[in-house]
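What follows is one chain in structure tokens, specifically the form predicted on its own.
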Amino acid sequence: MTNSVHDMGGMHGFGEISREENEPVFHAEWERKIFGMMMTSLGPFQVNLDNVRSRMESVPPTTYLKLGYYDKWLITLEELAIEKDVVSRDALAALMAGQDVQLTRDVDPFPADGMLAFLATGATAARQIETAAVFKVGDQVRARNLNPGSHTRLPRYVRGHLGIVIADAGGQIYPDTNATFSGEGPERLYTVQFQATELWGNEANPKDTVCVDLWEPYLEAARTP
């Protein structure tokens, strides 16, 4: 859910963020394999990236905080395989114990050449929309104080705060509906710049800013007192 532990931006108490110099894409071979498994499972499992993100956000907080990045991917893949009746939970437990297991049913793999082409070129989330932009570059806006019950890309730390529109990316797939298979529902996407002092008070560096990509339904016109 949107207000779960995954939304950690601006939160205190987790210590410094350690930055690894020359960090590799994968720290272990199993991470590379999990990446490949996830990318090739989206089609056969009939899910999309927003739905997968929503599933990861539903991992219990005490478990979520103990897991690394690709551990969360693995748990999500396991739950998807169970949900799609590819393997049973008992069979997964047996596999973890080193036993051979039989899949409940076969799943047609995504062609390797097609996946390589996808990874090389990517897939756009841009979509045509007919409605005119509500905001323009230079407008002052406020991130709405929303608390949806499912996936959203509106981080808590910007809700209720003022920012300036600095870019308009046009129509893009709307994650809030895409995550629940309610349709792509494209909405206009803006880049909004927030002053650090607006987000975290006068103790923040007044020279610092934070830019966040926010869909139009997340925003409202700034009201003058």
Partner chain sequence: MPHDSHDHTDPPSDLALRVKALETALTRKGYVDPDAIDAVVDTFETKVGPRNGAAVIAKAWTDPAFKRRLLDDASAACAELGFSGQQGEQLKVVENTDAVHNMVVCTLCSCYPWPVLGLPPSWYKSHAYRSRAVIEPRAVLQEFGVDIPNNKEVRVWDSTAELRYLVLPELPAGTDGFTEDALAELVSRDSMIGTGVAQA
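Residue numbers count along the first chain shown, from 1. For the two forms, the rigid core is made up of the largest set of C-alpha atoms that agree within 1.5 Å on superposition. Computed from a predicted model, the values in this text were never measured in an experiment.
What follows is about the form predicted in complex with the partner chain, which we do not show.
Participant: Taking heavy atoms and a 4.5 Å cut-off, does Gly122 contact the partner chain in the model of the complex?
Facilitator: Contact check for Gly122: yes, within 4.5 Å of the partner chain in the model of the complex.
Participant: Is there a non-hydrogen atom of Ala143 within 4.5 angstroms of a non-hydrogen atom of the partner chain in the model of the complex?
Facilitator: Because no heavy atom of Ala143 falls inside 4.5 Å of the partner chain in the model of the complex, the answer is no.
Participant: Within a 4.5 Å heavy atom cut-off, is Ser182 in contact with the partner chain in the model of the complex?
Facilitator: No, no contact at 4.5 Å.
Participant: Check whether Ala133 has any heavy atom within 4.5 Å of a heavy atom of the partner chain in the model of the complex, and answer yes or no.
Facilitator: Although the partner chain is absent here, Ala133 would stay clear of it in the model of the complex, with no heavy atoms inside 4.5 Å.
Participant: Any chance Asp71, Ile75 and Asp213 all have a heavy atom within 4.5 Å of the partner chain in the model of the complex?
Facilitator: Yes.
Participant: Within 4.5 Å of the partner chain in the model of the complex, counting any non-hydrogen atom, which residues from 154-169 show up?
Facilitator: Residues within 4.5 Å: Pro155, Tyr157, Ile166, Ala169.
Participant: Once the core is superposed between this form and the one not shown, does Asn22 show a C-alpha displacement of at least 2 Å?
Facilitator: It does, since the Asn22 C-alpha is displaced 2 Å or more between this form and the one not shown after the core fit.
Participant: When the two forms are laid on each other by their rigid core, does Leu80 show a Cα shift of 2 Å or more between this form and the one not shown?
Facilitator: Comparing the forms between this form and the one not shown, which are aligned on their rigid core, Leu80 does not shift its C-alpha by 2 Å or more.
Participant: Inspect the rigid-core superposition and answer whether the C-alpha of Gly13 shifts by 2 angstroms or more between this form and the one not shown.
Facilitator: Yes, its C-alpha moves 2 Å or more.
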